[in-house]
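Before any questions on binding or motion, here is one chain by itself as structure tokens, the form predicted alone.
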Amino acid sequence: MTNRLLSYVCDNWVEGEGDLAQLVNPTTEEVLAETTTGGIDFGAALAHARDVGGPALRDMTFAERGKLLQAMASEIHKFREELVDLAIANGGNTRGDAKFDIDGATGTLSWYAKLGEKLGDRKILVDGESSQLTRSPKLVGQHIYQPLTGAAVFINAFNFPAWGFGEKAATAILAGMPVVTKPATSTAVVAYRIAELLADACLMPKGTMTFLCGSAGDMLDHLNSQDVVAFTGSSDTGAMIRSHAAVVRNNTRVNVEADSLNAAVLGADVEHGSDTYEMFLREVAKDVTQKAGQKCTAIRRVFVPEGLVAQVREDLADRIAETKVGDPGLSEVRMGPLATARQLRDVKAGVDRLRSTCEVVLGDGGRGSLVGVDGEKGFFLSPMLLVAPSLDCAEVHGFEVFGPVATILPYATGGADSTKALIDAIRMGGGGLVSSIYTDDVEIARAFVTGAGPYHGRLTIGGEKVAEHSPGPGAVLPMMVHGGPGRAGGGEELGGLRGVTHFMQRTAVQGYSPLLEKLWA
């Protein structure tokens, strides 16, 4: 029997009307659930969040909001095994991929819970030191942060239904804003179950959480200047949100995390077989295959010194080829299918673009040899590795293939000109979420950080001293900024307290010094 997914609106579960969207198992193509938001009053949903949830959260201290986040994390963790099974069924995740998503959500919620505890029994954040405004020390100015009085609207991507919710909810709720969250419909089963668990546990004040399962409908029409939109997905959709009439008219805050042609650079100092070289192979291979390459932080471009290209293409292809692809429910399988039929079509089209100029080293654009899968059902694509003919290959730098695909690009070494050419090629990605370099040479690392830094939200430096400790560039950590300029959307999430202040208004307050100090004591 097909499951009907509801929406949680105005503290009640609501069944939508009209045409239903189907959610399928990407391994078997079996329909798992149906849902729609047809007939839901989005204006009323936002108003309820603002008028009921907002005051309740703003009345709490940071420490109290932190306790709420920890309770949410604990409730989700109690049902971890059930959520893992749902992620395997609806997302095509392997068990490891599912845990990566779910533990990412609970880990982020818990981290921000501890931050709330540190911020303590306050409701206002003081930003920096006060400034004396005149010759008299009595008149001072102080910048402060207070929560906006609107709703935090989340429009999440298909690849991380748990983590996408957790990272956004953690920062918004700690700031004191109610959340209105809409997961990608195709993989909404996990997000739906999380919303169900939180609602059933009665952990959150009324109006704190609104969950929309299906189309966003006319929700953007009802945004105002106190709302915040946080979107993860394609740059085209991000641009549509930013240019929406209500967003433009009201100057609604919008945070976008979009496409990213993330890079990995093998430093010219790295020798074949060294710990740094092995770290490079391990992390690139992991990023190509984890979540079937469907990560916004996945490595797409692999920059390798010209003299090592032949060795790297062989070693990296061997490493990736070890990955068993097939039924993600089997313990030996390390990569499952792509999430949807559309996703498979898009990735294949992207591969065709790359193949028009690049040499294929591994994979043929087909399903490959699958473990535990009979017949032709499922949205499978075996991992692919290509080699570009030159450093400035336009197709590699101009288009992201959102799947298990990476391309090696050769670069010359020695001299300022070659370093500049490498940095220029990295910048051709147009702005990214994260790029990494594998080197033990401080000058090589410095050139990378100063050259690539303005084009990225995050950089990682891998080397011998951290080879055993690194979670890899694909891991998004709550204390570090997640976002990037240009193609990556121009937004920021997380980053410790930085992520919280996205949902707050910074205000300059001027007055008598002793009086001001009492206002936020």
Ligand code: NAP
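This is a predicted model, so every value here is computed, not measured. From 1 onward, residues are counted along the sequence shown.
Keep in mind that the form predicted together with the named molecule is missing from the display, and what follows is about it.
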Please pick, from 185, 210, 106, 439, the one residue with any non-hydrogen atom lying within 4.5 angstroms of the named molecule in the model of the complex. 185
Sole residue of 101, 283, 259, 227 within 4.5 Å of the named molecule in the model of the complex, by heavy atom: 259
Quick one: is residue 232 in contact with the named molecule in the model of the complex, heavy atoms, 4.5 Å cut-off? yes
Using 4.5 Å between non-hydrogen atoms, is residue 456 touching the named molecule in the model of the complex? no
Any non-hydrogen atom of residue 342 within 4.5 angstroms of the named molecule in the model of the complex: yes
Just to confirm, residue 157 within 4.5 Å of the named molecule in the model of the complex by heavy atoms? yes
Given the stretches 107-115, 197-205, 233-241, 440-448, which is the single one in contact with the named molecule in the model of the complex, using a heavy atom cutoff of 4.5 Å? 233-241
Need the contact residues for 272-297: heavy atom within 4.5 Å of the named molecule in the model of the complex, sequence order, or none if there are none. 296
